[in-house]
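Just one chain is shown here, as structure tokens, and it is the form predicted alone.
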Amino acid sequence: MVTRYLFGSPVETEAVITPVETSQGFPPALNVLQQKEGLLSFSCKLEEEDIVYGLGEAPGGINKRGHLYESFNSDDPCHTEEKKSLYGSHNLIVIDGSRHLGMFVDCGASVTFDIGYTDPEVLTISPSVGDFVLYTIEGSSSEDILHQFRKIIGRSYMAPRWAFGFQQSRWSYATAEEVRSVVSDYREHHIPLDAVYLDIDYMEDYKDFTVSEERFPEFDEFVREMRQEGIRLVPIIDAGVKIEDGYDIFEEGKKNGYFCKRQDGTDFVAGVWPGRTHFPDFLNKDARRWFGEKYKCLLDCGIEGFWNDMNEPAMFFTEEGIKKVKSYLADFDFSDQSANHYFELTNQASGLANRREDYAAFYHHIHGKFVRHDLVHNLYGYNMTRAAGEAFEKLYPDKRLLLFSRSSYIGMHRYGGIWTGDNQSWWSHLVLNLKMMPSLNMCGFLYCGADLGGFGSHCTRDLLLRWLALGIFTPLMRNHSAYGTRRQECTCFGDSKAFEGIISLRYRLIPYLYSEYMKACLEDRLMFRPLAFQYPEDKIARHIEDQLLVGESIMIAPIVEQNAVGRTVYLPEDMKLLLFRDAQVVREKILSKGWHYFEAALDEVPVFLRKNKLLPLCEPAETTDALDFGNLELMSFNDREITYLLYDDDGLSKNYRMPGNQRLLTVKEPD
């Protein structure tokens, strides 16, 4: 049962699209605390056995107990353990214990979740404003609560099937020749590849919806050339618009009042990649429609996918911030050699980016009202991606396009997926990638993944191979790295045979992964599940965080420690271990319920097949378009006749429910 509680006069986020009756008063399951200045906090007691799920893209474990979190979309690539917020705000939590209770705080401003941080036995939710909507959800289990939640927030975005292929990116492939070289290397080494990404250097002076004629001449011809190679190009679109006379996007946005304003009505200015920049007012439906239509110029060139970036929005500096630092330096006492003086000095410069004061200095026009940005901050990236998604519906109503974003809020899940931001080449971020997947699914984000190998820092061969062994199961499988870091394409680490084998296995798995993804979208359920969801009475399984169920048939237990040659795994039921090398099973063994240790070399991938479940595999190919879904190998571990419902559509159209999209696969009872 879902109940809605309204407080104040909140801005409508449109995260929830199914009407829910509003109840008067306060939720009976929560204690309500009156804070200073009329703000409210909600708290409840946590029992010892309670697990707290949710919060989507957040640091920490699958169980969120013991930590303090803040929903405030933040451009921060150093996702260390003390951080309270990342790029997205997904204000859903689910308490799983002797009771099952879900809570969604629908609020575009900052919200703090103290989940046993101050008091180990108390959960406290504190919105930073008095205007918000609180939904409570009661159900028989966590999965029941999440199914109800997904029903009210709407169906998740469904990516085209080609977007399940391996994708290669870097900041930046700065010329067409460099892209050709990357593609040629992959094809020469027979490593499957479906897409190459164009970061900010494909543009002319970092201007959205432009292409550098010098670096990418005859761009539409180049797009066609890449398609003949089986490659889709996926360009970046940033949130900021360069201030430049004669630049049509700037001229149109300024003329029509489509940019965010200062309180005095002038256009807000910040420094980002293009230099002095305006931010489109994506919370204004007219500005959203205008910006979304601009994607057409690239769609007309044959582009079929985009990634939206820098849309928290990220700011390198503002004029006000610069003035503050200059004023500080003018009065700086260089004769004071104390350590405190030094730290104060360095903090002045490092604090220029993404200042909270700057987020409180500009405004949106929302349904005729002037609304300060920090009160709706978490909705910005969501509405940028919504602008594109709504435009695509009009421009290509019958075709699926790839679309995902860095910044997000619940509701954006209907328009696109996400990648988990600018991570690092750290083993801890490999673990974080694993733990984020079920939490993101809970909040409706099914097409998601991390920058495999890590975006910042210098990746090593062993880290990339282990990360790919996880990434072959995530819908978005993209290798991405930053300018100035070691090159981490799969052809850059000497012998590429291990990379070929792992990525070829991904292509063998696509019939299963795509099928489970589409069914999860259409049926409002999870693709990645904690073991506790399937085995709620198993006290060991309830607390396992480095193993996940992927779809109905398999469990994964990636090796996530440096130099490890194997790992211990807990099986909540009898399972069959399938160890793959070169995309083929090289060892299989039936293991009984309980603890086991297994070994897996860097070029091997373990998959655990559940009993009386079926895993369909196809032959690998170098692109998704070349895969043969009509001739499948069926892996099974059964003692009776079993079936599997395969979802197999054309991968591009939106005819999701056509009868021919599903077919039943059967394996008979063994002799």
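Start at 1 and count along the sequence shown; that's the residue number. Quick caveat, the model's predicted, so the values are computed rather than measured.
Not pictured, yet referred to below: the form predicted in complex with a small molecule.
- Residues placing heavy atoms within 4.5 Å of the small molecule in the predicted bound form fall in a single listed stretch, namely 419 to 427, out of 509 to 517, 419 to 427, 457 to 465, 245 to 253.
- Shown without its partner, this chain lists A195, V211, M310, V560 as candidates; in the predicted bound form, only M310 has a non-hydrogen atom within 4.5 angstroms of the small molecule.
- Residue in contact with the small molecule in the predicted bound form (any heavy atom within 4.5 Å), chosen from I200, L283, I115, I410: I200.
- Relative to the small molecule in the predicted bound form, residues H90, F132 and L379 are all farther than 4.5 Å at every heavy atom.
- When the small molecule is considered in the predicted bound form, K207 lies well away from it, no heavy atom lying within 4.5 Å.
- Within 4.5 Å of some heavy atom of the small molecule in the predicted bound form lies at least one heavy atom of I236.
- Although the partner is absent here, H79 sits far enough away that none of its heavy atoms falls within 4.5 Å of the small molecule in the predicted bound form.
- By the criterion of a heavy atom within 4.5 Å, R150 is excluded from the residues contacting the small molecule in the predicted bound form.
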